[in-house]
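Structure 1 and structure 2, given next as structure tokens, are two forms of the same protein chain, each shown alone.
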Structure 1
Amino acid sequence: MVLEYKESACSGCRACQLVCALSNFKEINPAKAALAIEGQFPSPGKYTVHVCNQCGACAEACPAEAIYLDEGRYLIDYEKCISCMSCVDACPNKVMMTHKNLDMPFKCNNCGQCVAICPRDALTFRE
């Protein structure tokens, strides 16, 4: 399944980022979300949501083969990851994430929490 967004439906509330960080890191910290929301200013009310489309560019760039395909989604094997951040540079959607308090990158694992919480159905899954 591929996570998709409807730009016209996003209100910029960032509930998706909060639930993502809470689900994956047990923190209420939008900076640790595996998706990004970009306000298109000066046009208020217009947002672009950057999500992982599971393209595999990160896996191709990984010299340690720490990123693998599992049931249509790419996951990171943190025991193999060497923290080189090649995957971050390779991501065309800029959603292979890093954070100043983390030594390793992280990405969307298609858990679906963001889709479930979005009050405007801006995020959906497509087969």
Structure 2
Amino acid sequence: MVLEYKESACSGCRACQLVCALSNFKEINPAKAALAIEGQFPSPGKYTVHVCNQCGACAEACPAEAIYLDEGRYLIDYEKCISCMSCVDACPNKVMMTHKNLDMPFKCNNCGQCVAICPRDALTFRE
């Protein structure tokens, strides 16, 4: 399954980021969400949601082989991660995330909470 953003559908509310961080970190903190919203204002006036499409570029870039494929999504083995952040630089969609309170990066695990909550139906899973 591949997470996709439906062009022009986002209204920038960030409910997806709230539910993502709450589901995966048990925290209210959009800065710990595994997807990003980019607003382009005042011109041309649109939002783009950057999501992980599980392309695997992070796994290819990881020198510690800490990122592995599991049921269609790439996950991080934190036992192996050496915090080199090579994966962050390698991510073409800029969704290998970091947070100043976390030593290691984090990423989308295809949990689907964002798809379910989005009030504008801007996020979908493609089989």
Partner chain sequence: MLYGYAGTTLRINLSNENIKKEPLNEKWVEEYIGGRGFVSKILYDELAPKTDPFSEENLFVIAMGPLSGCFLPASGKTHFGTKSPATGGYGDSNMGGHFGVTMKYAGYDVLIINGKAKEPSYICIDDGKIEIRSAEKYWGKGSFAVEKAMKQDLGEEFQILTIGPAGEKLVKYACISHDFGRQAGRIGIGAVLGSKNIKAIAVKGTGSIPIFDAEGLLKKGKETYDAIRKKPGFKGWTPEGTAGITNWCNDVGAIPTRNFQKSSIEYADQINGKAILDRLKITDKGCFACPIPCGKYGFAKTKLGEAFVEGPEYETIAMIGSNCELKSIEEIAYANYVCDELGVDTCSAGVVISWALECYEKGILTKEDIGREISFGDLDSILYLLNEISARRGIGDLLAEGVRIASQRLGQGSEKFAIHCKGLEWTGYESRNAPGMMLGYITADIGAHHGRCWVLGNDVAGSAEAGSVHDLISGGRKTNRLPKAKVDGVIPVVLHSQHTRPAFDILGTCRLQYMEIGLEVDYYEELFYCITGRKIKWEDIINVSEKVWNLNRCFNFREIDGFGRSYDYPPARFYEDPIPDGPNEGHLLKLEEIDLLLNQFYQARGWDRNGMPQKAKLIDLGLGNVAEEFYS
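Numbering for residues begins at 1 and runs along the sequence of structure 1. Note that the structure is a prediction, hence the values are computed from the model and not measured. Only residues modelled in both forms are compared. If you superpose the two forms and keep the largest set of C-alpha atoms that fall within 1.5 Å, you have the rigid core.
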### Query
Just one of these is the form predicted on its own; is it 1 or 2?
1
### Query
Would you say residue 101 moves between structures 1 and 2, meaning its CA shifts by 2 Å or more once the core is fitted?
no
### Message
Once both forms sit on the same rigid core, is the C-alpha displacement of residue 44 at or above 2 Å between structures 1 and 2?
### Response
yes
### Task
Only counting residues present in both forms, give the runs of 3 or more in a row whose C-alpha shift is 2 Å or more between structures 1 and 2, core aligned.
43-45
